[in-house]
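Quick setup: one chain, the form predicted alone, written in structure tokens, and binding and motion questions come after.
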Amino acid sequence: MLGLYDSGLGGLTVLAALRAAGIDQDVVYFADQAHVPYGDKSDGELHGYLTENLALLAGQRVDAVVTACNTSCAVAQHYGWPATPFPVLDLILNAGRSFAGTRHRRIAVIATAATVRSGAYARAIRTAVPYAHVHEIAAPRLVPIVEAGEADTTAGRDAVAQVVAQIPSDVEALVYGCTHYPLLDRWFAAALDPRIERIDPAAGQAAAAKALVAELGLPPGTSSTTYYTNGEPQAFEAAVRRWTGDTTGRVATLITR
């Protein structure tokens, strides 16, 4: 069984990538909506949430954790990953590795303020592409818009337009450095120059997860998902059903601290 966690709904994009990659492991998904958004929190707070989330998933007896939160990975690279009895896949490191062999040299990354502050994406990408020019842009308005159910509204469109206006005209690729942002992809597709490739790191994370499942020799699963939140359960369930199309996965409240 695999564990996934995010500050909220964004990790559903990673879950979708796992299923698209043919991963049939049962999944426990935890949304830490009591603390969303993560991007405006201090590094110390974020590391505390990370520690709690991994301990929670350990209590669910998962075999591995596929992180679905870039901000948590960014702070873990500075403070260190908490000790766990299972392997943990770093979303940012796998995103950087996915650039190996590409021709992109001018890359923009949009992310939360905390992720941009860490510089983790620039380091990860330059490890794979040493001469890459990486321009990181904080987009703090986007996560609250997605969590409020406004991704498909004019509020979502206008917030994306403000972010796109900050992207240098000569970039070749745009990386969604927060898992919430692909839920706004329709607006990015409409606002960006079509020559700019939009990159969702969830694909690289799914590839790494598939390799890890094989390495661990995990038995086949049933492709079922159990969704937990420590936020408002009815709104969370409605969002899960909307974004995933999963009408059978169990949705429950999980109170922490």
Ligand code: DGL
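Because the structure is predicted, anything quoted here is derived from the model rather than measured. All residue numbers refer to positions in the sequence shown, first residue = 1.
Not on display, but discussed next: the form predicted together with this ligand.
With the partner left out here, check for me: in the predicted complex, does some heavy atom of residue 39 sit within 4.5 Å of this ligand? Close contact exists here: in the predicted complex, residue 39 approaches this ligand to within 4.5 Å, heavy atoms only.
How about residue 143 - does it come within 4.5 Å of this ligand in the predicted complex, if we only consider non-hydrogen atoms? The answer is yes: residue 143 has a heavy atom within 4.5 Å of this ligand.
Residue 69 near this ligand in the predicted complex, any heavy atom under 4.5 Å? Yes, residue 69 sits close enough to this ligand in the predicted complex that at least one of its heavy atoms falls within 4.5 Å.
Candidate stretches 230-238, 6-14, 243-251, 19-27 - the one whose heavy atoms come within 4.5 Å of this ligand in the predicted complex: Result for this chain: 6-14.
If you look in the predicted complex, which residues in 180-210 sit within 4.5 Å of this ligand (heavy atoms)? Sequence-ordered list has one entry, 180.
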